[in-house]
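Okay, so here's just one chain, in structure tokens, the form predicted alone.
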Amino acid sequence: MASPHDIQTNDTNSAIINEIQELKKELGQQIIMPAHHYQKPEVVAVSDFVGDSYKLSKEGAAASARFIVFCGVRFMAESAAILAAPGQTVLIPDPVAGCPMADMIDAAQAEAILDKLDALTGQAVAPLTYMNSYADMKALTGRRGGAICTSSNAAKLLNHYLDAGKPVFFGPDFNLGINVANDLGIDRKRIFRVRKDGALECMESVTDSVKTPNPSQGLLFIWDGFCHVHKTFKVDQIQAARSRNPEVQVIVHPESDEAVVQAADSSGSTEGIYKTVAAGTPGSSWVVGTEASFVHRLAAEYPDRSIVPLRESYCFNMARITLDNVLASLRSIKAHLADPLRPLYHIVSVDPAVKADAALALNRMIDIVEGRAGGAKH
């Protein structure tokens, strides 16, 4: 089976790329096309800018284009639609491009957990929801005074709420939550995994019944979700990489298991990984534990150093965005502008009530991270 980063024949690519570039030139400032780091190299090459979910949400919100053709998975395109200005339309080249992690929790489940935690702790628990979630979760987060976070800013957002004396419900990714908690030095007796049946599991095993952790004293409650791409990384893979080259530097994404993060030399968001490896010296060797399409593109950009994936692990939802369906989106915009009765491919729409609440959570993230006035309101 070919891997998602494999490129089509050069002749086919060239013809499609040429038409995409011509359409972009013709449409001019009416369109902008952001792409996530995990997109195929050829899609990144025709995009206007590339980044992780935080960079895309921030820069996408600042865009003035009438049409945003979002090269990423659906929750990212939804976020762009939530933050879009009146009159802006967000398109996603393939609406089936989803996220299994985002599917692991919905607003009804989260609301039931929050109600339980509020009663348990005797105060309003703040939801801190990972960007890898759908609009209903973002809206619930906004309504309950919480914020969205990304892997690049989760520590800052978590600190914001803990410093305000609020316990936090974090989801849907357990690994990101526990790895950030470890970085912040939060007492494991006050961290609880929230199982899908609502059961709470303390993250520190205590045999002395007198000292059994009390969930009512919990600071951080983490939903038991995961990313299938990053769950494939194991400590023995790091050990094998080091046995092959003792000088190698291992960097992984914090969606990896905590044992993997602790065994690596460093961890970081996708943007953080990109910047770290880009700042490396020529001749340096890197093993990178994240989505393999991104790692291969990084290796192609920096051929003067060795950059290989910890394991060939792909996000096949990201790979659903192709040059063909990007071209179809652009053609639909041109046709629609000539005749408004012609459909656009494919509009990302969010219910207005959901959009308003979700925008609160997304803007709260940006306010807190950027230190803007209003960031402390929650």
Ligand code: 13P
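Since we're looking at a predicted model, the values are computed, not measured. Quick note: we count residues from 1 along the sequence shown, nothing fancier.
The same protein has a further form, the form predicted in complex with this ligand, not shown here; the description that follows concerns it.
Enquirer: Identify, from the list Ser293, Asn175, Ser267, Thr270, the residue with a heavy atom within 4.5 Å of this ligand in the model of the complex.
Expert: Here the answer is residue option Thr270.
Enquirer: From the list Phe75, Tyr161, Phe192, Phe233, which entry has a heavy atom within 4.5 Å of this ligand in the model of the complex?
Expert: Here the answer is residue option Phe75.
Enquirer: Quick check for you: of 34-42, 347-355, 326-334, 62-70, which stretch puts a non-hydrogen atom within 4.5 Å of this ligand in the model of the complex?
Expert: Of the options, only 34-42 has residues within 4.5 Å of the partner.
Enquirer: With the cut-off set at 4.5 Å between non-hydrogen atoms, does Ser47 touch this ligand in the model of the complex?
Expert: Output for Ser47 is no: heavy atoms all beyond 4.5 Å of this ligand.
Enquirer: Report whether the minimum heavy atom distance between Lys138 and this ligand in the model of the complex is within 4.5 Å.
Expert: Lys138: no contact with this ligand in the model of the complex.
Enquirer: Quick check on Phe221: any heavy atom within 4.5 Å of this ligand in the model of the complex?
Expert: No, Phe221 stays farther than 4.5 Å from this ligand in the model of the complex.
Enquirer: Does Ser57 reach this ligand in the model of the complex, with heavy atoms at most 4.5 Å apart?
Expert: Ser57: no contact with this ligand in the model of the complex.
Enquirer: Could you pull out the residues of 334-352 that have any heavy atom within 4.5 Å of this ligand in the model of the complex?
Expert: Contacting residues: none.
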